[in-house]
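First, one chain by itself in structure tokens, the form predicted on its own.
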Amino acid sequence: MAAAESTPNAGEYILHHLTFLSNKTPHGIVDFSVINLDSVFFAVLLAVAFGGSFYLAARKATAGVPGKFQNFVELVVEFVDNQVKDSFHGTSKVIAPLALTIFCWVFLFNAMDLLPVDLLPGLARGAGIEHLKVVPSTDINVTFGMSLTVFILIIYYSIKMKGLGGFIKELTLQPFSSKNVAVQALLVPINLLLELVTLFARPVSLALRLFGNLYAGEMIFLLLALLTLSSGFGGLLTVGGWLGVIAQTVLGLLWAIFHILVITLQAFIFMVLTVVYLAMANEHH
């Protein structure tokens, strides 16, 4: 009876895994004083892992026969560089490194979703940490933080390339224009409304697309884990218990294989859209 009482039900299990390790309990929907410590920790850890590994690859790079890791790094760099050349036709020393950082960092964020859902949270619970979410891209604060950084760069490049006046003209004189001054004055509010909606939709779509896809993937892994949640050790001695384990293993493996495509595609989309948005900000037409 004690074991049965200590076993959480499906709702409690999912809610526990969706709860962040925060510095305080949030008050209301928006509370900027709350910091999700697990998201910050894993984001910084993965940034150090990405930056450190690429730095070591660059330090040990050789003009002779490259090693496997150097080959891999060169493949990733060349892939990202080709995507930037295809989309960004201006001159900038920032775009390619930014695109490489976004692609690798977001991919590492997403790849954390392939770990068993109870592995790191279980280890954390053993160390006295009750909650731990290990996938930073399932934290909407992280995805919006990245997308808002891209949004700031969009504004910066727009003003840098077109000037403040040119940027304002872009927002107020298109898509509708007229040679008649009075008519154009009437069109300015309409143009401004349409252009602002388009402008602000960019960071929102970037953040929500990444968050939504990874959140859904995490939920599927949690639902698969529920197949053996209530059986416990005693349930493994029954036919139904073993069928649950087999079903969970097979379905989890199939979803993990498919999810590799999802996590790679979402990192690629975030990178490509960033480059495209910055290319649009860089162009005058």
Partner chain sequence: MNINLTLIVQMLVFIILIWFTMKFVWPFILGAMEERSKKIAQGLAAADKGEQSLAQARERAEVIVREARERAIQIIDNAQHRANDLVEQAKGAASTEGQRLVAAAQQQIELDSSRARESLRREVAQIAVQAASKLLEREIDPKAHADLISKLATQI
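The model shown is predicted, which means the values in this text are computed figures rather than measured ones. Numbering follows the first chain given and starts at 1.
Just so it is clear, the following notes concern the form predicted together with the partner chain, a form of the same protein that is not shown.
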**OP:** Indicate whether the partner chain has at least one heavy atom within 4.5 Å of a heavy atom of Glu78 in the predicted complex.
**Re:** yes
Original post:
Within a 4.5 Å heavy atom cut-off, is Thr149 in contact with the partner chain in the predicted complex?
Top reply: yes
**OP:** Look up in the predicted complex whether Val142 has a non-hydrogen atom within 4.5 angstroms of the partner chain, and give yes or no.
**Re:** yes
**OP:** Classify Lys179 as contacting or not contacting the partner chain in the predicted complex by the rule of any non-hydrogen atom within 4.5 angstroms, answering yes or no.
**Re:** no
Original post:
Exactly one of Leu173, Leu120, Leu114, Ala96 has a non-hydrogen atom within 4.5 Å of the partner chain in the predicted complex; which residue is it?
Top reply: Ala96
**OP:** Flag this candidate site as yes only if Val30, Asn36 and Val40 all have a heavy atom within 4.5 Å of the partner chain in the predicted complex; otherwise mark no.
**Re:** yes
Original post:
Which of 133 to 141, 120 to 128, 165 to 173, 190 to 198 has heavy atoms within 4.5 Å of the partner chain in the predicted complex?
Top reply: 133 to 141
**OP:** Just give me the residues of 47 to 67, first to last, that have a heavy atom within 4.5 Å of the partner chain in the predicted complex.
**Re:** Ala47, Phe50, Gly51, Phe54, Tyr55, Ala58, Ala61, Thr62, Ala63, Gly64, Pro66
